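Below sits a lone chain in structure tokens, taken as the form predicted alone.
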Amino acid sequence: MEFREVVMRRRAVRRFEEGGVDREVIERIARLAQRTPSAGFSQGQRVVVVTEQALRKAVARACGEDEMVDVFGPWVSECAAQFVPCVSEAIYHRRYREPDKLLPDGKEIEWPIPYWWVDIGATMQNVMLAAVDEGLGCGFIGPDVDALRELLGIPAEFTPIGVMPVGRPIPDVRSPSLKRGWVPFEQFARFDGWGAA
């Protein structure tokens, strides 16, 4: 599939067939998720991939699927795999305390932007686009962070930022938010300055 087509087909999917995707496909998606940038090549991103059915159901409960099932169906639990992107701020600080990253005064930079959040967003985007490229769909839901951390044994240093169900999409309920439409391109892309014509 051409890259443009992958990007244009990407959308938040909220219904999947149960299972039905080979482990090799899921692993290919995970391998592409690893190939995202990170500040200073810190590599503070990790992905927990949940494929076992009972565990997927437990993860879905931690995300509040039961409260949404009347509208969306069991979209978090019924999928082929759940990708749980996690990030460690501490890894970034450790990396930027290494000799090649220290400032001339021997101190770590003051982070103007918490780039660990930027980088884990890039990891998520790779999961989404890799899923589409494999002919699959991907969604996202925010979790109860503490419950998810405990359920999956995620170390305290890492923050799970959500759950991304991946699988073969089936007809679903589209978000009513889509009725808002896209912001006009001229408002989105500002060339040569914010107010330039």
Ligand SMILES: Cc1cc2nc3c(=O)[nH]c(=O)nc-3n(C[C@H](O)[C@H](O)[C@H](O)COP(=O)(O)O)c2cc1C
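Sequential numbering from 1, following the sequence displayed. If you're wondering where the values come from, they're calculated on a predicted model, not measured in any experiment.
The form predicted in complex with the ligand exists for this protein as well; it is not shown, and the discussion that follows is about that form.
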item	value
Interface stretch in the model of the complex with the ligand - options 167-175, 34-42, 48-56, 150-158, non-hydrogen atom within 4.5 Å	167-175
Residue contact check: residue 25 to the ligand in the model of the complex, 4.5 Å heavy atom	no
Contact label in the model of the complex: residue 15 to the ligand, heavy atom within 4.5 Å	no
Residue 141: touches the ligand in the model of the complex, heavy atom cutoff 4.5 angstroms	yes
Touches the ligand in the model of the complex: residue 75 (any heavy atom, 4.5 Å)	yes
